[in-house]
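A lone chain, given as structure tokens: the form predicted alone.
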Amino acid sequence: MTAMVSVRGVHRTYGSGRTAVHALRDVSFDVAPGELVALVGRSGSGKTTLLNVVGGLDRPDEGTVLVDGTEVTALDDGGLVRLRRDVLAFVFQTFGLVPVLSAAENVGVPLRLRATPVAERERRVELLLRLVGLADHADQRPEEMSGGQQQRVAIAAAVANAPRVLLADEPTGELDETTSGQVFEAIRHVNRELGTTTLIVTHDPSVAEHVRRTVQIRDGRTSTEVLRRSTVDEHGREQLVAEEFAVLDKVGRLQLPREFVEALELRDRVRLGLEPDHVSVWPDATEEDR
């Protein structure tokens, strides 16, 4: 299956010389059509820079990005405008709603700009507000809604014109844990019901409860991925199984999860063993002799 988003060997550096900041270092990953993926990591890890590169808001120094088969990194300014108009949609930490308009009117703005017929526009707005759980708030203005409700309106407005890809940058950054969960559920519902490929950047650890795949960004590199799937045990009970994978770059480097390194007190170097079906890693027992 062709990836909806494909990132290959992306580097991005700001500044030069001793003050250079290497925001992205040889990042590669794919997002399948209709998939919901979260990019997670600490502040300064490079995840927002990566989202900006995918969305054509920033250009990499090296590497390529393809969105729906279009090479974003090769587009001129006009091509980027068309891509962001026809293929991509964005949700940011701030809500970006028009204060004097109701929730329904805010969601309808992108449809008005496309000259969508009134009856079709009204049906679409009603559907989207229902998907984000705000059907009963259609007539309320932003000042009459909570921050979480405003963000869900912003999500509905972002997908009004049926973009193929939704990019969300810290959509719960200013919200409490309960409200964050409601926003993530709204994004997941939109992803599932509309099939919109979705890439979320977040430092919120609770995102793991709402997405099947998380990609960890550390020091500008993709370090680990966690895939979650549901299984049924011998008693018929559904269980969520999470598997963590280290990401191998093109020259064979990988980053071990920090908690693994700390638990085994790994430092400087480790011992490796090649087994028939796996590679083993041990602390360097010779360290005490050095």
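So that there is no doubt, residue numbering starts at 1 and follows the sequence shown. This is a predicted model, so every value here is computed, not measured.
There is another form of the same protein, the form predicted in complex with a small molecule; it is not shown, and what comes next is about it.
Asker: Pick from 38 to 46, 255 to 263, 59 to 67, 221 to 229: which stretch has non-hydrogen atoms within 4.5 Å of the small molecule in the model of the complex?
Answerer: Partner-contacting stretch among the options: 38 to 46.
Asker: Consider residue 21 of the chain shown here, and say whether it contacts the small molecule in the model of the complex, taking contact as heavy atoms within 4.5 Å.
Answerer: Result yes; residue 21 sits at the interface with the small molecule in the model of the complex.
Asker: Classify residue 282 as contacting or not contacting the small molecule in the model of the complex by the rule of any non-hydrogen atom within 4.5 angstroms, answering yes or no.
Answerer: No, no contact at 4.5 Å.
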